[in-house]
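Below you will find one chain, with nothing else, as structure tokens; this is the form predicted alone, and questions on how it binds or moves follow later.
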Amino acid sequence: MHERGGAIVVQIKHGGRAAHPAINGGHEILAPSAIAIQGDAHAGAEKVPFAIPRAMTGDHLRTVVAEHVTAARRAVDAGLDGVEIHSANGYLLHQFLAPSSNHRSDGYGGIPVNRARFAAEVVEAVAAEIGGDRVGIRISPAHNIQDVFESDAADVLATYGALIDRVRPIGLAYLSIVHADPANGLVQELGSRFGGKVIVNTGFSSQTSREDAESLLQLPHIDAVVVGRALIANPDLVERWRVGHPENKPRPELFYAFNAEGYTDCPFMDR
């Protein structure tokens, strides 16, 4: 990657209540509040009901912050260029942000600025360890996934605005926003308040084509666009898009398989 002028950033996340003892070595499940996700978790070939998590104590909060810092340091020491703090898609930091999953009555729950505090503390601690310019943050306001519901537009803006306002002075590498409509006013507002590089991701519902990406990049508040499925099927996607070469078709039925077929055996384009 480095020889070809690329950068490598690894995403760090804590599953929170989206994890399960059957798949995490039997460890206790932690979350902002003792509220389980409705439905079943994947545990190998089986599905099992999500576990009721333990509401995190102050010691738990400090431990998880330290774990993020340790993971970030290891990533950079291993030669990666930075880390992305995952505060989206229904995982732990997102669970703190949303009133549906955060019923705490201490300084990490209740009003928007309190619900934003834990994610901000993780970002601040990681940035202090490896430098803010090596840290990005991903958020997914109003994405409504894994029982993390954010349906009050005013509350969403207040919560994520509080998070962005707190981390803005750090000088982070970028803000990544998952939203079905990247041209949405909320995305524009958060990007403007961040004041740095903004990456957008339309989520899981549709595949982002080259034409989609080019269109989004015409918007003044967007600096880069996340591409997932096309990149899985095309190891040389950047070059294909650069020269207009046809793409390999993704094979979603093989994305979560346990071998190379359809995942790491996709052909490069003819030279």
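Basically, rigid core = biggest C-alpha set you can superpose within 1.5 Å across the two forms. Just so it is clear, the structure is predicted and the values come from calculations on it, not from any experiment. Start at 1 and count along the sequence shown; that's the residue number.
The following text describes the form predicted together with a small molecule, which does not appear among the structures shown.
For the small molecule in the predicted complex, the listed stretch (202-210, 65-73, 34-42, 52-60) containing residues with heavy atoms inside 4.5 Å is 202-210. Taking non-hydrogen atoms only, residue 24 never approaches the small molecule to within 4.5 angstroms in the predicted complex. Shown alone here, residue 86 lies within 4.5 Å of the small molecule in the predicted complex, counting heavy atoms only.
By the criterion of a heavy atom within 4.5 Å, residue 256 is counted among the residues contacting the small molecule in the predicted complex. The shortest heavy atom separation between residue 229 and the small molecule in the predicted complex is within 4.5 Å. Core-superposed comparison between this form and the one not shown: the CA of residue 251 exceeds or equals a 2 Å shift. Comparing the forms between this form and the one not shown, the C-alpha position of residue 15 differs by less than 2 angstroms, with the core used for superposition.
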